[in-house]
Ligand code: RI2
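Only one chain is shown below, in structure tokens, and it's the form predicted alone.
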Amino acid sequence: MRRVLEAAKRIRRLEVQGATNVALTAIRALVEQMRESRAESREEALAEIEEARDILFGARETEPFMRNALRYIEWRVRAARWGSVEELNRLMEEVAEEFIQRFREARKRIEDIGSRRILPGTRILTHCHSSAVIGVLRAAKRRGIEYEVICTETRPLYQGRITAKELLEMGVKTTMIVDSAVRTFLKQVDLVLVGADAITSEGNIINKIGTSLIALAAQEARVPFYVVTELLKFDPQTIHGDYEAIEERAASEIWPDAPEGLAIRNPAFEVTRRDYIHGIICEEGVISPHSILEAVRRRYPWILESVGISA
């Protein structure tokens, strides 16, 4: 499992960041691992896929996009007829490429839909770094729309700096603020755009810590709060009542040389309730978070079927 273990280590260490990059890294690792497989039967090959899947699942707790990508490949492989590892490898490469292509099509549609919510002179606030949000902003820029962005620094790892650099490279007027200044600056904002790491069956979203505070402040300020995300980040296990796990990271990220005896908590993500979400910008359009399950059932019924839920 060398390829898979290497990928899992990179994901765990945050050398791979962002739900999209994590999912693509996991897909490639699984496909490359099976190229090296010495399985002599269908059962042995499927057992290897299961083992690789579980290793990658364990690399990071809050990654339903990655889990759905791997579930899709396994689901297709189990349903297909193949007799040799060579045939399996060809099938896996085809299925992986098909999944990536579907993702690209979904992202392109999201960018087109989201960019139409940005009008000339709009001032947008965003948090952390989301490739989906950046894609929407880039699409608006391509359409000739001039707008401004306020981005948070996003402690403790400062992912907001990635966002700021990409926006400046796009020629967007950009301002960075400390996380705790959000409420003050929302008075100057027309809308909020954030990404998501997971969507639950109730229409809640899980995103970088600090997102729910921004959502609360946006509701108080009557500023629309939009979540930009693929439906592929839907977590089907939440239908069964399970909660999406919240990853808690090392205290050293916050204070490397903290005083002895000091307790430090460092959750990486949090839940933002659907009540504070104006709309979810996804490949189905701009939808209410209350209708998320129906949207997933329409577009990706296999997400439900892959975990034994009738679509």
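Quick caveat, the model's predicted, so the values are computed rather than measured. The first residue of the shown sequence is 1; numbering continues from there.
We do not show the form predicted in complex with this ligand, though everything after this point is about it.
query: Looking in the model of the complex, any heavy atom of R274 within 4.5 Å of this ligand?
result: Residue-level check for R274: no, no contact with this ligand.
message: Contact with this ligand in the model of the complex for A196, defined as at least one heavy atom pair within 4.5 Å: yes or no?
response: Judged by the heavy-atom cut-off of 4.5 Å, A196 is in contact with this ligand in the model of the complex.
query: Quick one: does R60 come within 4.5 Å of this ligand in the model of the complex, counting heavy atoms only?
result: Because a heavy atom of R60 falls inside 4.5 Å of this ligand in the model of the complex, the answer is yes.
- prompt: Heavy atom to heavy atom, is P289 within 4.5 Å of this ligand in the model of the complex?
  reply: Taking the distances in the model of the complex, the answer for P289 is no, it never comes within 4.5 Å of this ligand.
field: All of R53, Q237 and S306 with a heavy atom within 4.5 Å of this ligand in the model of the complex
entry: Judged in the model of the complex, none of R53, Q237 and S306 sits within 4.5 Å of this ligand.
query: Which of 178-186, 237-245, 79-87, 125-133 has heavy atoms within 4.5 Å of this ligand in the model of the complex?
result: Partner-contacting stretch among the options: 125-133.
field: this ligand: the contacting residue among Q159, S212, S115, N204 in the model of the complex [heavy atom, 4.5 Å]
entry: Among Q159, S212, S115, N204, a heavy atom within 4.5 Å of this ligand in the model of the complex occurs only for Q159.
- request: Scan 264-280 and note down the residues that get a heavy atom within 4.5 Å of this ligand in the model of the complex; none is a fine answer too.
  value: Heavy-atom contacts to this ligand in the model of the complex: only F269.
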